[in-house]
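Shown below, as structure tokens, is a lone chain in the form predicted on its own; questions about how it binds or moves come after it.
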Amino acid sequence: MQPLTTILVDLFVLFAAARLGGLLASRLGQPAVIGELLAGVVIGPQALGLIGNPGGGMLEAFHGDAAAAAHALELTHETVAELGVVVLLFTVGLETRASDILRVGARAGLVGVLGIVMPFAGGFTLMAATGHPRLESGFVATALVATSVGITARVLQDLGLLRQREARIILGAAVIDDVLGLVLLAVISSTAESGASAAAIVLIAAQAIGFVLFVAWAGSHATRRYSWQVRQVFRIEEPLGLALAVMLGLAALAGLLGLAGIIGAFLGGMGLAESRDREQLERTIRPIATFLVPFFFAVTGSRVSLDALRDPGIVALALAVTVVAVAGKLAGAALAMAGTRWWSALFVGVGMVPRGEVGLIVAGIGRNLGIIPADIFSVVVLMSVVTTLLVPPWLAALHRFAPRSGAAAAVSRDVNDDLDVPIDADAAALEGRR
């Protein structure tokens, strides 16, 4: 086969397997991301070996160097997967208005901050105590911090709970959680690449926070004021092309600044969320996401080392990391929701548990940088899968046993006291965003 044919066959197998796995997972009542990830595991080199095998054409192109040909094929997979995750974070940004973050009140902010501090501290302590290097421990701890906004929102939507006050706190906190998690990821990634000193780390953190705040503010402000005028002056009838340019441009700029490209993509989407074309953009970019995003999860799954999971020590570590991941979110929510009913605090804590694609993104970056070895990568993937699988049935069970009548009203009033906007306005904002 010609080199291009080998690449196309691999991409076809990846896409077809991911879509099939996603459909099967959905039929079983699980998030599609789980099926896409497991499909990658099945077709990967550690299992059936249906991808990653350079054909004769690629070997000839690399003068018989099998290792170089295999590496080139792997880089192709990683490039397509990176495009997928950039598009994924851009679409998440499109669902996240800066104004929504400001509207959910101090309670959601506290839930978001403690939902990062507690899992990170627990994860770092666990990894360091088991003898892992500090940088590796930092990456694993970072994979524990951010909540998967998409998975949580989908579960709440399926249960018909988006108008519930606890659900609004979960979604608002998850947004804050993800923004702070992305900043933390930028600091850890930059430190890994440069071996930065304490002063340099502070500079990296300031640069990351400054970039996030400036792009978020400037993007939202410019979009609200000038997006329509720009379209009129340049006679742009279809906003998708301009949006994709913004997505790739900010992703590249973030990379040039030493940050993860997904941060720029997320901020680009968040800025365009203020545009009057937002609904049209969400509609038109959906087919692109449908095509590219599954590649990220399938490629990530294909990197999972099944040999590592056969090691009782690695399985035990994965279970310990998962326990810390769940306990950290529950403890953070319990502290942040102090003063409300126990059911409300537990519901918010469970809603913050799923890591989903966020944990996988962090693990993938750590692996690409050579910081996370194959066995620890498998640990993080297993943690992401388990925390994602736990939440749908757990939230459904909590919903069935929710306080009713006067008790439920009291819980709602307790939580609403911490919000900064009227109930109806806040519900409409989050319904529109999701």
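Numbers follow the displayed sequence, beginning with 1. Bear in mind the structure is a predicted one, so any value in this text is a computation, not a measurement.
The form predicted together with another copy of the chain exists for this protein as well; it is not shown, and the discussion that follows is about that form.
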### Query
Any idea which of 169-177, 134-142, 315-323, 359-367 reaches within 4.5 Å of another copy of the chain in the predicted bound form, heavy atoms considered?
359-367
### another copy of the chain contact at residue 87 in the predicted bound form, heavy atom, 4.5 Å
yes
### Task
Would you please decide whether residue 349 lies within 4.5 angstroms of another copy of the chain in the predicted bound form, comparing each non-hydrogen atom pair?
no
### Query
Contact between residue 76 and another copy of the chain in the predicted bound form at 4.5 Å, heavy atoms?
yes
### Query
So in the predicted bound form, does residue 310 come within 4.5 Å of another copy of the chain, heavy atom to heavy atom?
no
### Summary
From 58, 372, 43, 385: within 4.5 Å of another copy of the chain in the predicted bound form by heavy atoms is 58
### Message
Can you work out which of 288, 161, 128, 215 has a heavy atom no more than 4.5 Å from another copy of the chain in the predicted bound form?
### Response
288
### Task
Using heavy atoms and a 4.5 Å cut-off, decide whether 156, 340 and 389 all contact another copy of the chain in the predicted bound form.
no
### Query
Heavy atom within 4.5 Å of another copy of the chain in the predicted bound form: which residues of 9-47 qualify?
9, 11, 12, 15, 19, 23, 27
### Message
Can you confirm the direction of the Cα distance change for residue 369 and residue 299 in the predicted bound form, closer or farther than in this form, given it is 3 Å or more?
### Response
farther
### Query
in the predicted bound form, do the Cα atoms of residue 396 and residue 28 sit closer or farther apart than here, given a shift of 3 Å or more?
closer
